[in-house]
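Just the one chain here, laid out as C-alpha cells, in the form predicted alone.
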C-alpha cells in the first residue's frame, strides 16, 4: 500500500474512537438530532474494539444506595482530595440512567427475586456483558452513523484561529489517507498502555490489563494541537491476578473471598481494622507490595471456601470479561484452585479509573475550540467506569447539538502538512523498527520512572535521567520506518507513546510529594503535602517542550506557579 490517494469526508460531528464512550456518543447524537451527520473513525473494528472488547461482568459505577453527593464524597476520599468535584458530581447524577440505557440496548443485568439489580457493593451491580461491544456496535449502525473501521487518526486539523475542524488518518484496508472535516470533533480514544514494560514477557506481552493497542493517540493528538492536560502523574496501576491479569474485584467483591499473604494472614482486613476504615484503592495495592517487601509474599485471594457450585459461578462470571482466567481455573476440573495469586500491573495513563487526561469543563469541552472528549481520555474525574463514560458522552453531545455554528472545512495547507507527517515513516522503510524504539521506551520508563520492578517508586534523580533519555529517544525515533499500513500504525503509536511518556515524566517531577501511593510515589518526598500540592498539575506541549503548571482545586481553577524543576 502506498497511501497516495486521499479520501475526504465531510460531517457535522466527527467521533474519533469507537470504544464504549465513542459508541454511546454516536448513538445519542443520532437519537437527539437524527438529521445530523455523524462519522466515527475506529482504529480496529467497532464490534470488538477498545478496553471492553472481551466484555464486562459488572457495572462498577451504579448507585445501589446513596446519592450522587455520596458518590462524589467516595471518589474524593479515594483520591486524597484531588478531584474535579463538578465533573464527578455531574457523572454521579446520570449513572443509574446510563445503566437503564445499557439494559435497553440488550445487555443482560440479572435481578433478584424482588426484581432489583444484584448488588456487589454500594456502587456496583452484576452484569452479563460478554456481548457488550457487539450490542453497542449494532446500535451505532442502526442509528445511521457512518463508521470507518480500521481507520486510525493521528492528527487534528485546525482553522487559522485555532478551532478544531477535523482530523487526518488512514484506512488500513483500502490504503487511502483519510481527511475528515467536521463542525465539531469528539475524541474518545481512551488512555494509554505500553508506555511501561508489560508484566508478562515475550509472546504474552499483550496480556495486559488495559487494551495493548490503546496507545493514547487521542491524548497525543490533543497535545500536538496545544490542548491542556491534567494529572498525568496520577498513573493507574491495577491490582490483578498474576499472569492472566484478570480483575480481582470478581473475587473480592463478587465472590466475597479474602486477600491473604503467603502465611494466610488476611492483611487487608487487618489493615482496615487497624485504621478503622475501608482502604483506598491505592492502599490495597500498596499493602500488597508491602507484604512482598517484608518477605510475606506472594499474596493471593483465598478461594478454598467456595463450594463446587460457587466455583462454577466464578468461572462463568469471568467468561463475561476475562476468559483466559476461566481456562486457568478449569485446567483440572477435579482439583479446583484454592489460591489465586495477585500482583500489580504495569502503570497506565487512564482517565476512567485514574485521572489523567484532557483538562475540560462541565460540557466536556477541551481548551481547544471545537474539540470535546469523553471517557478514559477525559481528565479530572476518576472512577467513572463504563456508565461514567456514557454520561460524559451524553453531556458532550448535548452541548455539541446546542452549539453547532461553524461550517465544516479546514485549510488545505494544514491538511497537506498533516498528511505529510503521517506518511513520513513510509519514506524511511529501511530505518529503525518500531519494536526497537518501543523496547527502549519501556526500559527507560520501567527503570527510571517507577515501573513495577521498581515497586512503582521513583525520585528526582531518576526522573531527570528519564527526561534526558526520552529526549534522545525521541530524536532517534524519527528514523523509524514502516513498510505497510500496519507498520505505519505501529510506528505512529510508538511516536505517541514517547510523547505521553515525556509529559508523564514532567508531571512526576512537578509533584514533589507522595499523593497516591504506588500510582505516584516519590522516594525523595515520601509524605503527602496538602499545603503546597493540594492542586492539579497541568501541562501543555509547545515547540517540542512540556510546560507544567498548577491549577487550584476550586473554581475558577486559577493557575498556580510551580517551583522550577532542573
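Just so it is clear, the structure is predicted and the values come from calculations on it, not from any experiment. Positions refer to the first chain, counted from 1.
The same protein also exists as the form predicted in complex with a small molecule; that form is not shown, yet it is the one meant from here on.
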property: Joint contact, 11, 156 and 179 to the small molecule in the predicted bound form, by non-hydrogen atom at 4.5 Å; result: no
property: In the predicted bound form, segment of 26-34, 522-530, 49-57, 499-507 with a heavy atom within 4.5 Å of the small molecule; result: 49-57
property: Close approach of residue 38 to the small molecule in the predicted bound form, 4.5 Å, heavy atom; result: no
property: Distance check, residue 366 to the small molecule in the predicted bound form, heavy atom within 4.5 Å; result: no
property: Exercise: residue 389 in contact with the small molecule in the predicted bound form, heavy atom 4.5 Å; result: yes
property: Distance check, residue 467 to the small molecule in the predicted bound form, heavy atom within 4.5 Å; result: no
property: Residue among 345, 193, 151, 259 with a heavy atom within 4.5 Å of the small molecule in the predicted bound form; result: 151
property: Selected contact from 229, 91, 188, 371, since only one has a non-hydrogen atom within 4.5 angstroms of the small molecule in the predicted bound form; result: 188
